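The chain below stands alone and is given as structure tokens, in the form predicted alone.
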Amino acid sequence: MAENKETHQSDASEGSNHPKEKKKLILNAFVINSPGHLSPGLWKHPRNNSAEYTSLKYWTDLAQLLDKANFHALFVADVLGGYDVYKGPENVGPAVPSAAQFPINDPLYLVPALAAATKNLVFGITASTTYEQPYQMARRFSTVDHLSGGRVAWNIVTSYLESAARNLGLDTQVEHDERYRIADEYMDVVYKLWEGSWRDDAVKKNRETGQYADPDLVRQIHHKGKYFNVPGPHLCEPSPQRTPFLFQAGTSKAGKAFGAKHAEAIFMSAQLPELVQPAVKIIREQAKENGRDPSNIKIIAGITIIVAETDEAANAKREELLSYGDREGALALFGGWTGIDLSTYTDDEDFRFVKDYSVRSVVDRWSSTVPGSDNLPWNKSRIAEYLILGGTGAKAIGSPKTVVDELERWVEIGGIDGFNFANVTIPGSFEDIIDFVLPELQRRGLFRTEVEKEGVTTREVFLGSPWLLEDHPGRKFRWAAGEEPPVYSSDS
């Protein structure tokens, strides 16, 4: 394969008529450690085993399915509270029957077992900078980076649920942009712990001298900032990646600025590629302003796929899946995502025309992107139907050709590097993608047919290096072998 690639590049440089080699897409499976993710009520579908989410075999079977199909990552979402706005206040009742992200287990504990059961799949784990101290977070991720051989990534979030804030000791959430200011200093702390508390060659494991590690090559970080005081040193020796690969999913103004500075991959969700394109452009421009190569940030879009042999069969499959959906669960998710309790409205109100701008603006974004929306009212039933299969994200429904045409459109218009495929059922959705979508992507040269090098770290999978790249802001904290330790200012 490498020889063909080199020949192709040589031909292209000489002005031949050979078509330009297409970019291979990053493909991740997007899941949650709960019976229900973005499709409330579908836990009871015959092709859905998600009710077994407390079983390790459920997870190892899924990981092995994805690993064999050459997926890049299993990307695991998480929340720290229940969806309790709809029919609230503080009422998780509507979310419970449909298992709408409730109950939910911690995703990080899955990684060592799944890494042991697979060869190449990497694991993106969501964790919040708002509710866990950086010293503890650094230790947890170093531990799983060691146990997985470097096959872990951290999806950095600042959390958005009021229920999480209340359960973790606050009266209400920390203000949105303040959460990102906290997160920015948080990253300085964990970079110092991961990259600079131990020198690369601090661990000796010298049985003759009895020295496991050289104390002169382990140091405190003495971080004193506005939000955190952390003397260190880091409790863990350097792990395969030191800093886990960094995902991020914020798309607000503050979120995009944070991602452009810190993220190595950014997860975006929108209904159309035309809506993603401006955000991608902003992030890449901001990355350049931060002294980073914009191509070193991979942009991953979320999408739900319903695919079958023909468009007609796929649409029939959609209707069959929809019949298992739970309207109350969908409206509970809507309440958590938006803070809006739709139970205060009548069943017949068209939300495109209500006085409350916060509701109208959300629904307008959807109604303008869904074919035939002008002829149907966007009432509670319509909103629930829209959300039941895949939540607020994009949907691609049809034959393999129809679906892959849409994926190509996202790449061309949105300027993205790959996809997080949300599931409606597990393993059903991923089995369909593997059977129908991957062969068509491979036929078009858009997805790998084999893994070039087995057992590499997450960062090597996405960026070709086990370490933070030179242009990443965390790299300046690195204490490399044979070098003096970097100097940190006391307030950074």
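One-based numbering along the sequence shown. Keep in mind that what you see is a predicted model, and the values were worked out from it rather than measured.
What comes next is about the form predicted together with a small molecule, which is not displayed.
K.L.:
Spot the stretch among 350 to 358, 110 to 118, 135 to 143, 73 to 81 with residues whose non-hydrogen atoms come within 4.5 Å of the small molecule in the predicted complex.
P.N.:
In short, 73 to 81.
K.L.:
Please pick, from S269, S367, N296, S399, the one residue with any non-hydrogen atom lying within 4.5 angstroms of the small molecule in the predicted complex.
P.N.:
Spelling it out, the residue with a heavy atom inside the cut-off is S269.
K.L.:
What is the one choice in V157, L387, A99, V403 with a heavy atom within 4.5 Å of the small molecule in the predicted complex?
P.N.:
Exactly one residue meets the criterion: V157.
K.L.:
For T243, is any heavy atom within 4.5 Å of the small molecule in the predicted complex, or not?
P.N.:
Residue-level check for T243: no, no contact with the small molecule.
K.L.:
Even though the small molecule is not shown here, does T304 get within 4.5 Å of it in the predicted complex, heavy atoms only?
P.N.:
It does not: once the small molecule is placed as it appears in the predicted complex, T304 has no heavy atom within 4.5 Å of it.
K.L.:
I'd like to know if S252 sits close to the small molecule in the predicted complex, meaning any non-hydrogen atom pair within 4.5 angstroms.
P.N.:
Yes, contact at 4.5 Å.
K.L.:
Are any of the heavy atoms in W198 no more than 4.5 Å from a heavy atom of the small molecule in the predicted complex?
P.N.:
Outside the cut-off, so no.
K.L.:
Check for me whether the small molecule, as it appears in the predicted complex, comes within 4.5 angstroms of all of R292, T458 and F462 - heavy atoms only.
P.N.:
No, because R292, T458 and F462 lack any heavy atom that approaches the small molecule to within 4.5 Å in the predicted complex.
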